[in-house]
Structure formats: structure tokens, C-alpha cells
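In the C-alpha cells that follow, a single protein chain appears in two forms: structure 1, then structure 2.
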Structure 1
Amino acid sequence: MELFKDLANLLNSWLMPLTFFIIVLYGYCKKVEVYSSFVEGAKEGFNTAVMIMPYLVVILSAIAIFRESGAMQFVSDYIIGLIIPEKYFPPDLVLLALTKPLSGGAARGVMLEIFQRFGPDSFEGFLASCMQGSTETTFYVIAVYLGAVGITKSRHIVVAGLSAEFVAVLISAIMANLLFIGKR
């Protein structure tokens, strides 16, 4: 068992440098100017980042307005809280479910806040982890990827993405409740 751990640690330490070396060696064998290609790719990445910046500013501003206006708390406390029993889906996780489609960073912050209050091994922490791992930042993806290629008509994509978000949150809640039966 100790040998396996040592081998795993060694592999873990050398995996990235070895991968980088193999890529450079492959490029050299194919007579590709590796450094020039790397610089060109970095330049394209920078140009893409500059191009999508307005979309990111809009999304992050909308999130801040939605949260600071109290609308997110209202939806969390009054609308969803009346539909779903608190025992099966704590109100603190509603904020995570509403934040995740908008911003991965904000959702991670909400998840870490849940970890601090309830602990990562609690039902709330487990459900937050399930939701974080099974949902996507739908509006962020739409803003960035569709904005990067110039697609402006995203009506059906939004519906499909939000439907997938809903299903992912629902399945996360069901699975977390099934796995935590008798532990609460």
C-alpha cells in the first residue's frame, strides 16, 4: 500500500512536466516551431478574452443587481421555500441553485459559505457539492461562447440550458436525500 502511495505521488509530481515535454518533443519531430505556435496561441487567447469582456461585465453586473436588490433572497425564501419542504432542500441551497447558472465563481463562494456554516460533511455541504458538480454556468457559457463566435439568437439554448440546470438540481437533491437517509 505504501509503495502504491509513493508511486502515485511520483506520477502526480511528474505528470504535467512530462506531458509538456512530450508535446514539445512531438512538435519538434513534426518540425513545428513550438515557441512561435505557443506565442500565437497565447495571443489568440488574449484577443478572445478582450472580445468577451463586455459579455462578462454584463453577466456579472446582472448577478450583482439580482442579489443586492433582494430578488434572489425573495425567490429563495418565499417562492421556492413554499414549494419544497426545508427538510429535503434547505433554503440556503436555493441561493446556490439560483447562482450557479449565472456565475461559477459566485456559486463557489456560496458553496464555501455553506461549508463554513454547516460543514462539508453535513447534508447541506454534500448537497451543495452535488449541485456544484452536476450543474453548469449556463448564462456564463452562453455569454462567453456564443459571444465569442457572434451568435445572437440564443432563445432555445437558454431554455435547454435552464431545463438541464433544473434537472441537475432535482437529481442532486434526490440523490443527496437518498444517500443521507438515517444520517440526519
Structure 2
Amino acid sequence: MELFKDLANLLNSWLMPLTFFIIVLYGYCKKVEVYSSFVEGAKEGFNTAVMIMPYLVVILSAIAIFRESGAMQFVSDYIIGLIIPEKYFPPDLVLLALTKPLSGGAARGVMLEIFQRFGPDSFEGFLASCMQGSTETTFYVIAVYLGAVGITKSRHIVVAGLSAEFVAVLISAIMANLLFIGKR
């Protein structure tokens, strides 16, 4: 198990440098204008980051108020806490699981809020990253994809999509709890 962890760590730590190396080498060999292509893409990246700013502000401020007022504590103690054991699945992550199918921006905000409070390397931060990476913004995707071609009868898409999200969240929670045994 320890060896597996070290190997996974090795793979993870070299994935990014290796990807960069392959992309640049392949592009250069194919005589692509690597420099100007990079700049072109980087501009898109800049725009994306600026574009999400209002979405972050809107959700982070609302959550901050919701928490500071004591409402979050109340909800987690008396409503969610009775259904889902807080130790294994903290209330902040319930919020993340509930917002993810609705809005990518809002879910991102919730995840960042978790990072701010617990730190990205904590159990909560870890689980939030897993959930964020293994789920998609179900309703947004359905609305955009089907809307683009004018399909109104979606048949079983919603059921399949929401089930996929539920399973991904469940597996994330199980994995995170297993990996953090004895660390909390």
C-alpha cells in the first residue's frame, strides 16, 4: 500500500512536466509556430480567468455570510447531520455535491471556500478536489447540448447523468475516507 502510494505520487508529480515536454517537442517537430500558438492560447486562459471572477465573488460572499451568521452550523447540526454522519461526509461537501449539477462556477466557488477554510491537503480539501474532478455540471450540459439542436424529449438522459454524479460522489467519499484513516 505504501509502495502504491509512492508510485502514484511519482506518476502525479511527473505528469505535468512530461506532458509539457511531449507537447512542445511534438509541436516543434511538426513545425508549428509554438511561440505564437502559446500566446494565442494564453490569451484565452487570461479571458477565462477574468470571466469567472464575478461568479466567484457572488458565491463566495453568499457562503461567507451564510457561515458567519451561524446558519451553516445550524443546517449541518440539525438537518444534514441527522442523515449523513458529519465525520465521513462534512456538510460543506454536501453543499458542493448539491451545487455541482447546477453550476460549474458555483461549485468551483464552494470548492475554493473549502480550500480556504480547511486547506487543500486536508480531508475536506482532498474530497472536494476528487468530487470536483469526477463530476460534471449535469443540468448546464443538458441545457446547452440539447438546446443547441432543439431536442425537447430528453428520454433517460437526466436519470443517467444524475446517477453517474451520485456514484462518482459516493466513490470519492469512500476513497477519501479510506486514504485518510488515522490521519484525522
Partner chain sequence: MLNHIWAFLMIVGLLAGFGTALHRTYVGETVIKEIDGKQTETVVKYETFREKLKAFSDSGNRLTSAAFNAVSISYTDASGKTKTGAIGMCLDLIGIMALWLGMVKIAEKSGMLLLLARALRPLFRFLFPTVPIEHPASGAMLMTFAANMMGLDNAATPLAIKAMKELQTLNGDKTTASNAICLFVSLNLASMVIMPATIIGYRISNGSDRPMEFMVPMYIAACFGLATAFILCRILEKFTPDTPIVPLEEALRASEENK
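What we label the rigid core is the largest C-alpha set whose atoms superpose within 1.5 Å from one form to the other. Predicted, not measured: the structure shown is a model, and the values here were computed from it. Here, residue number means position along structure 1's sequence, counting from 1.
Taken from the form predicted alone is structure 1; the remaining one is not. The two forms, fitted on the rigid core, differ between structures 1 and 2 by less than 2 Å at the CA of Ser163. Relative to the superposed core, Gly133 shifts its CA atom by less than 2 Å between structures 1 and 2. Relative to the superposed rigid core, Phe115 undergoes a CA displacement smaller than 2 Å between structures 1 and 2.
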